[in-house]
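Given next, in structure tokens, is a single chain: the form predicted alone.
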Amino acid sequence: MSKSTDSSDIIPTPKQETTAPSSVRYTEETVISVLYWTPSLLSFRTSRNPNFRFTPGHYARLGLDRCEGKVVWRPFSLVSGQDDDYLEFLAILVPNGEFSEQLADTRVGDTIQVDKASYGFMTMDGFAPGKDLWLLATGTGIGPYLSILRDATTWNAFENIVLVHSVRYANELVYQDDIKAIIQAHSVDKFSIRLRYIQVVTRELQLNALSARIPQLIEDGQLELTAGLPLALNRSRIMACGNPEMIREVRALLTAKGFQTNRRASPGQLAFENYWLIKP
């Protein structure tokens, strides 16, 4: 985890649970590191049960004990790679958030419960074949993309990858060292860069960063211009993760151009995941 968001500490599922699932469904893991990027934005790692499996883009359900003895469960995208011997997550602390209050007090050596299964549909296997992969994120929505970018399957499937990370302030541009290392690992030379990393900072001026929201950058063509690649139906495959308003606007813009969302039996060009605030 290296140090170099407009979104929440969770990925929603149809039901947010306070009581724990059956005891046979989770393992007790140990927190092995905690890194604060800002006072409210952090990454943390836990130990990993050898039997835990996931596909890059999936999320895991985590449980933390409350003082009353109940367990608060929330889903978090996996930042770590498939073969890492730990699990890593990215979170933002929500004021008065039921899970956030417990997470803020969590230290190295503490215990966290991890559901034995992983979940989600924002994975590579849902796409129709294409040449360019676009990863659009706001805030903590960048988390699952780090896992996806660490997977060889991703690089075998696409010629070019564009990672777009939109945040409010520059200090929320997390994992920059990791991203630079991934760029170097998959570049033949400085003229053959397969991963284009585009920073977007919306509430302060930042050198070498765009300043408009992602939907506006798509609508006015600035995103394509900056990436040097077209958003084209025949070659572009697009993921969007983060603020639900961004998700809705991006979906509307791209479906109007003929792009279709991935379905179980019908591979498409679009995949979405949502984040939003949950309070008690």
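Residue numbers run from 1 along the displayed sequence. Keep in mind that what you see is a predicted model, and the values were worked out from it rather than measured.
Not on display, but discussed next: the form predicted together with a small molecule.
The small molecule is not drawn, but in the model of the complex it has no heavy atom within 4.5 Å of residue 106. Residue contact with the small molecule in the model of the complex: residue 245 places a heavy atom within 4.5 Å of it. Among residues of the shown chain, residue 215 is one whose heavy atoms approach the small molecule to within 4.5 Å in the model of the complex. The closest non-hydrogen atom of residue 65 lies beyond 4.5 Å of the small molecule in the model of the complex. Segments offered: 179 to 187, 107 to 115, 166 to 174, 124 to 132. Contacting the small molecule in the model of the complex at heavy atom distances within 4.5 Å is 166 to 174. For the options 160, 202, 154, 82, the residue carrying a heavy atom within 4.5 angstroms of the small molecule in the model of the complex is 202. The contact residue chosen from 209, 93, 71, 193 relative to the small molecule in the model of the complex is 93, the criterion being a non-hydrogen atom within 4.5 angstroms.
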